[in-house]
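One chain comes next, on its own, written out as structure tokens in the form predicted on its own.
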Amino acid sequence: MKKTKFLIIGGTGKTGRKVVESLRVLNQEVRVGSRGAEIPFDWDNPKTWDDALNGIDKMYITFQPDLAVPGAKDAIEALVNLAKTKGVQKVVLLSGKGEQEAERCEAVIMNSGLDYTIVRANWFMQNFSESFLLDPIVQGVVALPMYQYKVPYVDTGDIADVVVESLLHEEHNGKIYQLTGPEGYTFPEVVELIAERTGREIEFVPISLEDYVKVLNSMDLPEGYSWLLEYLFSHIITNLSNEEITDDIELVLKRKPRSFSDFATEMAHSGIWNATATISE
């Protein structure tokens, strides 16, 4: 019997690399979809897609930087149409909880005729350890808008585990899973918790969205990055549905999702939040 072959687009990213690791532990045949891979996949270069899809049965899609950005729907549509001609049977899409623009991309997958699972994730815990919120924490001053909203942050490891289950088992076909952590935190509460775990003084400074955007626009950020952050703060974190806590992780994995408290303890022990830590790009 032919062995199922998986393409993990974004296979070096926050969730993708964990999906790759888990599938390989399970002795599955995996192709990493990234610009630096042996068979490269580049969202900005559709000419790379054909070779990356050769021989693939199932794929996991993460879109960079986010499904909400202009052009994402067209790219997803083009990729899915190509995947159908290449014999791909199933797609698992990482989407954003509460993002209307992302739901348009989901609709492309759902109406494609392929088997699918949609994984809608809330904000990642790893935004504080691997992304745009790491630098301020290391520096000891975190200035953010929309500080009154509670977010049930979800661990990328939990997301990856749900993705792996969805790729491997047909019972998840046609399902939409909404993934959250087990409790919600405001930004000041997160900063207080991290300060407590690290034994450091970390100040939270509430600012307006207007002032935050001005700071973003004054920085040398990748194209579209400032727009995306403004969108996330103005449309997503303020969406009251994103304060909702779901049990979909427990439903799929038969265990509780990781708590932010446990995540903070582990990251504090790792030293990533120390004032002397090297800030990653």
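What you are looking at is a predicted structure, and each value in this text was computed from that prediction instead of being measured. From 1 onward, residues are counted along the sequence shown.
Unshown form predicted in complex with a small molecule; subsequent notes refer to it.
- Taking P145, P136, G96, P182 one by one, only a single residue has any non-hydrogen atom within 4.5 Å of the small molecule in the model of the complex, and it is G96.
- Judged by heavy atoms within 4.5 Å of the small molecule in the model of the complex, the contact stretch among the candidates 250-258, 64-72, 23-31, 208-216 is 64-72.
- Remark: E38 does not count among the residues lining the small molecule in the model of the complex, judged by a heavy atom distance of 4.5 Å or less.
- The small molecule is not drawn, but in the model of the complex it has no heavy atom within 4.5 Å of W227.
- Under a 4.5 angstroms non-hydrogen atom cutoff, the small molecule in the model of the complex has F124 among its neighbouring residues.
- Looking at D44, you'd find a heavy atom of it within 4.5 angstroms of the small molecule in the model of the complex.
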